[in-house]
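Two forms, one protein chain; C-alpha cells for each follow separately as structure 1 and structure 2.
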Structure 1
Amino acid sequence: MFSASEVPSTKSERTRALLRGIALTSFRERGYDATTIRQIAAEAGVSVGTTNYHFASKNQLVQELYLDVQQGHRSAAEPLLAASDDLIERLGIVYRTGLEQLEPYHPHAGELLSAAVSPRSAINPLSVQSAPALEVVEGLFQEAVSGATHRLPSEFVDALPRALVLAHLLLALFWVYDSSPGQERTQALLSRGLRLLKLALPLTRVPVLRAPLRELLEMVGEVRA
C-alpha cells in the first residue's frame, strides 16, 4: 500500500511499482532461485527490456526486498517502543519484531543466504548496496537505547547500537538454519542473550571494566566497517 504522497503518478512509476511488487511477492512465495527477471516481466505483462530499465538485475530487486522488510520492521517496532522505557525490553522489541518480519521468508531463506554469503556479493547484508536497509535497523537500535531509562556512560550509548546490529545479523543467520517449530530455538537463544545483556550492561559503570568493554565495542565497529 502507498500513502497519498507515495502513490505512483506516472506510467513509469506505476510500472516500476508493479514490477517491485511482483518481485517481492515472488521472493516470498517462490524463493530467490525461482524468481527471475523474465518471470517478473511476464507476470507484469511487460518486456524484459522494460524490466531491466527499472531494475538492472535481480539483485537490485533483492535490495528492494531488504528495504521493504526493514521498513516493515520499523513500522512494527516503533509503536511498541513508545509503550516501554526499559532498555532490555526495548531491545527485545527490536529483535523480536525483526524476526517477525522475516518469518514469511523462512521456507526459502537458505537460497538467499547462499547467494549473499560471498563478501563480494551485492546482496551481502554488509555490502555497500545493503547499507540503506541496515541503516533502518541501526536507527531502531539507536532509538531503543536513547529512549530507555538507564545510566549507561555516554560512549556506550553511542557505540552500543552498532554492536546490536551485528548481533541482529548473527541471530538472523541462526534463524535461517533453525528448523524447530516456529523457530523456537531462535527465540530461546534471544531470550538467553537478553538476560545476559541485562547482567552485563551495568558493568559499563565499573571504572576498571569500562575501557576493555569500550574496546570490545570498537572491535565490533571494525567488523561492521
Structure 2
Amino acid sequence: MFSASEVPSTKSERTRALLRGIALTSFRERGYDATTIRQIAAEAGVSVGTTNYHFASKNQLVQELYLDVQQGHRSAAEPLLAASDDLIERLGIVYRTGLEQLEPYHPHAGELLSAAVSPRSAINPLSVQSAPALEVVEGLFQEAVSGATHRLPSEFVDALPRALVLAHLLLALFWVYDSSPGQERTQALLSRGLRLLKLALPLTRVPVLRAPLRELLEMVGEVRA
C-alpha cells in the first residue's frame, strides 16, 4: 500500500483510471445504490484512503460517468453531423446518439434518477457540479443548429439550442420510464417530435404565427433559466 502523494504521476494516473473504470462498470452493472467507495477500493486492490484521494465521493464518480457518457455522445455524433446539413436530420443525430450512450445504463436508471432528481443533489444534471457534462450536450445542439442550412429567423436560431437541451433532458426522463423492448417507445416519441418540428419550423416565417412560436420558445428557455 502506498501514500497517494508519493506515487509518481504516471502510476497515480493509472490508479485513477483503474478506479474510474471500476466505478463506471459498477454503476452500469450493479447500479448507483450498490456501488460504494469501499467496494471500488476493494476491487482495485487499493485502500479507501487512496480511492478518496482520487475521488472524494461516490458522487464525484457519477460526474465521471456523466462526462464519459457525454464525451461518447460527442464522438458518436460528430462524424454523422459532418455528413448532413439538414437541420432536422442533424437534430435527429444528436438525440439518437445521446440515447445510444445511455442504453447500457437503462436497467439501473431508476435508481440514478432517484439520487439525481432532488434540486439539492450534487449529481442533479442541472447542478453546478454537472455543468461540464451538460455543456458538452449544449455544444452539440449548438453545432447541430449552426452547421445546418435553414432559413429560420435569427431569434429562433439563438433560442433553439436551449430548448433542444431541455427536450433532451425530458426525453431522457421519459426513457427512464420506458420499459418497452429496446426502449422503442422513446425512439417512436423522438421520431414524432422531429416530424412535428419539421412541420413547425417553416411556420416561424408566417407573420401571424411568428409571435406565438417565439413566445413558446422563450417560455421553454425560461424553464432552464
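Quantities reported herein were computed from a predicted structural model and do not represent experimental measurements. Between two forms, the rigid core is the largest collection of C-alphas that superpose within 1.5 Å. For residue numbers, the reference is structure 1: its sequence is counted from 1.
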Identity of the form predicted alone, given as 1 or 2: 1
L217 C-alpha shift between the two structures of 2 Å or more, rigid core reference: yes
Backbone CA shift between the two structures, P207, after core fitting (angstrom): 3.8
